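Form predicted alone, single chain, as structure tokens, below.
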């Protein structure tokens, strides 16, 4: 039996049907999976997902190729409207394969539920809450016996006193292992369930009882070593490190640096029906956790002159529940073939690192615009009115002339001003 590989030469040259066929063969997709990809989200299902539905908005769903993560091949579904992102990630993954690809890991899928309590004596309230920790955890776990049976559930309780302009507040953190779910619903349910007991034992009053999207106990990490020859030599390696150091020293640069990282991660989050807003908020908060906004990645040169990169960020994502009810998202998860939410987070971290490598490599060598605008040329051609085979012909001329503008595309098409 032939070994499956994500190393697909000339994937971008295939037409859409041929690409889908190859992905279907890789992921063992059934006819109903293919149909789900073709049809997308129905209006009937959309009405059950959100309020006041009038239509659905389709986003391009592409496939990142060449990814080798923890010695396993992955095809990466990515939902994004920005040109060059998927191609850049695929190219970065290709050059990383030759040194073994990405090594990724993650912590346990522990989410934090926050309970805000106001008490006349915060110190005593904190002491009483901690003394009753076992009972609080017991009440929390009564809310979801199934999760407990799967090896998850409420594991611990942390309590701190927070100084605010409205006085001191007792903030309890309920730590919940949510297994393969994103976890917001069950964490919120548990936080609400334990609040009456906490009020009873402290004589205080609870207010907010809600999950935190700053999931600092649910981290994903990835690292990669790339040979200097694959990135263009030691000069390019040095340029990449200088670009990273710029971001590490300047938040104006760091924001754009991290935006590029999230291009890859958010595209998978969206494709798999996870919460893009929660992931983005958590990632950017993590970048500023030490009081200064920093890059989510780091790059250095090893003793042989090769490039070593690392990424670490919180990734609260799931493979069950939530918006994964979207049929296209379910097929995207099937294409990925991940067995756990932790594995999904590790894939996302690896893609984020690849995306960052691609951007820094372009900045340190040819400049970011060359590759980006080459792919953008087709959009410009279509904006000018090109159709069918005209699109590629006009785009090719625009790139060759290095004049990727709508008015030039219209001239080439003979469109009157």
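Numbering follows the first chain given and starts at 1. The structure displayed is predicted, hence computed values, not measured ones.
The following text describes the form predicted in complex with a small molecule, which does not appear among the structures shown.
Trainee: Check for me whether the small molecule, as it appears in the predicted complex, comes within 4.5 angstroms of all of 97, 225 and 235 - heavy atoms only.
Mentor: Not one of the three qualifies.
Trainee: Using a 4.5 Å heavy atom cut-off, which of 331-339, 255-263, 182-190, 132-140 contacts the small molecule in the predicted complex?
Mentor: Contact criterion met by 255-263 only.
Trainee: Looking at 348, 359, 381, 65, which is the one with a non-hydrogen atom within 4.5 Å of the small molecule in the predicted complex?
Mentor: Partner contact (heavy atom, 4.5 Å) among the options: 359.
Trainee: Go through 363, 27, 49, 37 and name the one with a heavy atom inside 4.5 Å of the small molecule in the predicted complex.
Mentor: It is 363.
Trainee: Counting only non-hydrogen atoms and a 4.5 angstroms cut-off, does residue 82 reach the small molecule in the predicted complex?
Mentor: Although the small molecule is absent here, residue 82 would touch it in the predicted complex, with heavy atoms inside 4.5 Å.
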